Structures are given as C-alpha cells and as structure tokens.
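This document starts with one chain, in the form predicted on its own, laid out as structure tokens.
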Amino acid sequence: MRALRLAAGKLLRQISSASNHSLVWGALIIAALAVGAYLVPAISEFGAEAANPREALQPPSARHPFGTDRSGFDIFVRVFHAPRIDLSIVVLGVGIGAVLGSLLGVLAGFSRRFMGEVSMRLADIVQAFPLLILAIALVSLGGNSLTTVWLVLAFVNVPVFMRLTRSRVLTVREQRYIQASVALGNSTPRLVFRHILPNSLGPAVVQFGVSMGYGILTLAGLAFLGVGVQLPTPEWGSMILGGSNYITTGQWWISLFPGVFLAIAVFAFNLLSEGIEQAREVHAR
C-alpha cells in the first residue's frame, strides 16, 4: 500500500505540474457524463426502465428530446442513465485488470528470466485471440451476468498491463540508483515496492485511459451482439441494437443518440490518456 501511495503521489505531482487542454477536457467530459447519469434521471418525469407503449417510436420533441424507442422508453433519460452501468462495470473490470497486471508485471520483470518468459508467453496466448471474440466466448462460458462481464474485462486487461509494466521494470532496474540501493543492502521487497514499483507505473496509468475506452466499446459490442447487459437495463450498446432494425424505416433517433454518447465517452477517455502522457513528458524534461 505504501508503494501504491508513493506511485500515486508522484503521478499526481506530474499531472498537476503540467496541465493541458486534453487532460482538462477529457476530465470535464467524463465528469459531466458521471454527474448527468444521476442528475438527469432524478429530475426527469420519465423513468429509465419505465416503458410506455402508447408513446412508442415518437420522434424527438419537447416532451421527448431524443424521442422514444419501440417500447416507449424515453431515450433521453436512458442515454444519460447508461453511464451508471457502463462506467461502473468498465472501471471495476479495467481497474482490477490494471492492478493485477501491474503487480504481475513487476514480479515478472524483477524475477529470474524463466518466470518472466513464461508469463510473457501466457500473455501472448491470451492476446492472440481477438478481444471481442474472446470476451464473447468467456461471457458465454461464465454466464450472462454483469459480474461475468467485469471479470472478463479484468481478465483480458491483465496481459496488457503486465507486458507494459514488465518492459518498464526491465529499464528501471538497470538505473544507477537501483544498483546503489542493492549495494546498500536493501532487501528485495523494499527494493521492489519502494523504488521499482513507484517508478514503473507511469505507462500503466496512461494505458488505463486507453483501456477504459476499449472497455466501453467492448461492453457496447457485447450488448449489441446480445451478450452481457440485457434489456430493460439502459446501456448504449443494447440501445443501438434495439434501434438497428428501425433505421431503414426512418426511426434514426433510436440508435443515433446512444451511438453519439458512446463515441463521446471513448473520445473523452482518449483525451484523458493523452493529457496524462503529455503531463508526464513535460515533467520528464
């Protein structure tokens, strides 16, 4: 825990010392989506899971700004409510994958060559499969539930962070201050958690934003294919699926607005990741 606090403190100092537009806008958009997920449903007269068949397939209007779908759900409320599910599942899944992968990457990078090579070959096996196909297979095997979805997201992200952290550890362990710490008689656990780990997590933090964007796309892709989040739970991918058959008949709004918000969320996490990377580069100079 002390090593994680040191690493977090170092990264926060890097970010705060070099603010940039990408970081600010990415954080603002994500914060707006998170706040809107609780504010908009609270003030709206329509429930996110309250169907009204008498108002089905209504176009955008003052009463329904984003229109309604085939069941009479108000799309405006459901689009804003969706981040409660999407962000919570993706943050949990990618977060666990990042923590486990980073710790395994540190151990693989600091351990003997055999263990490091074995761990990398296992990571190669997992990453050899297309992400979405692997996720569909694992969800199908584990059961179609939200718990299975975030566990799958964690599983597919572990190799990504393990490989990234290991490559950084291999560089950090050759630095002179690490060699000096060894010469001073520091124990291996102290060397790893006090010196190597805090200086190896920078790339993993940048990757976290990118993985969040991919995680949202994966979650939406699973829902679009009928796996993962199911109706009537509001989720961008399942909402796009629900409106896909109505695009050719003129009800374009059913799929358009969830798709736009999905793109905005992915764009925001990419901006956040780019901003953190820029801050680290400025601090490194």
Partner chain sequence: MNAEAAIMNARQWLWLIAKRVIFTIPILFGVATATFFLTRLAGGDPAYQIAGPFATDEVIAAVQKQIGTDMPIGDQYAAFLGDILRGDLGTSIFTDRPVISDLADRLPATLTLVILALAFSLVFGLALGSFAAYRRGRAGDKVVRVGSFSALSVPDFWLGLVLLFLFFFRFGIAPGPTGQIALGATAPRDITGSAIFDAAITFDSAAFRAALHQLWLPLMTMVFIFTAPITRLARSAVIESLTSDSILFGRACGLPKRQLWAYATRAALPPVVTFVGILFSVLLSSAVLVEAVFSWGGAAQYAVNAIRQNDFPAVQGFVMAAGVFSVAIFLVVDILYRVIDPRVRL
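Positions refer to the first chain, counted from 1. This is a predicted model, so every value here is computed, not measured.
Omitted here: the form predicted together with the partner chain. The next part is about that form.
In the predicted complex, residue 221 approaches the partner chain with a heavy atom inside 4.5 Å. In the predicted complex, the partner chain sits beyond 4.5 Å of every heavy atom of residue 193.
Within this chain, residue 145 is remote from the site of the partner chain in the predicted complex, having no heavy atom within 4.5 Å.
Although the partner is absent here, residue 46 lies well away from the partner chain in the predicted complex, with no heavy atom inside 4.5 Å. Between the partner chain and the residues 40, 27, 57, 225, the one pair within 4.5 Å by heavy atoms in the predicted complex involves 225. For the candidate set 170, 120, 132, 91, a heavy atom within 4.5 Å of the partner chain in the predicted complex is found for exactly one residue, namely 132. Heavy atoms within 4.5 Å of the partner chain in the predicted complex are found in one stretch of 241-249, 30-38, 66-74, 48-56, which is 241-249. Site residues 155, 259 and 266 are all in contact with the partner chain in the predicted complex, judged by any heavy atom within 4.5 Å. Residues 214, 217 of 200-219 are found to place at least one heavy atom within 4.5 Å of the partner chain in the predicted complex.
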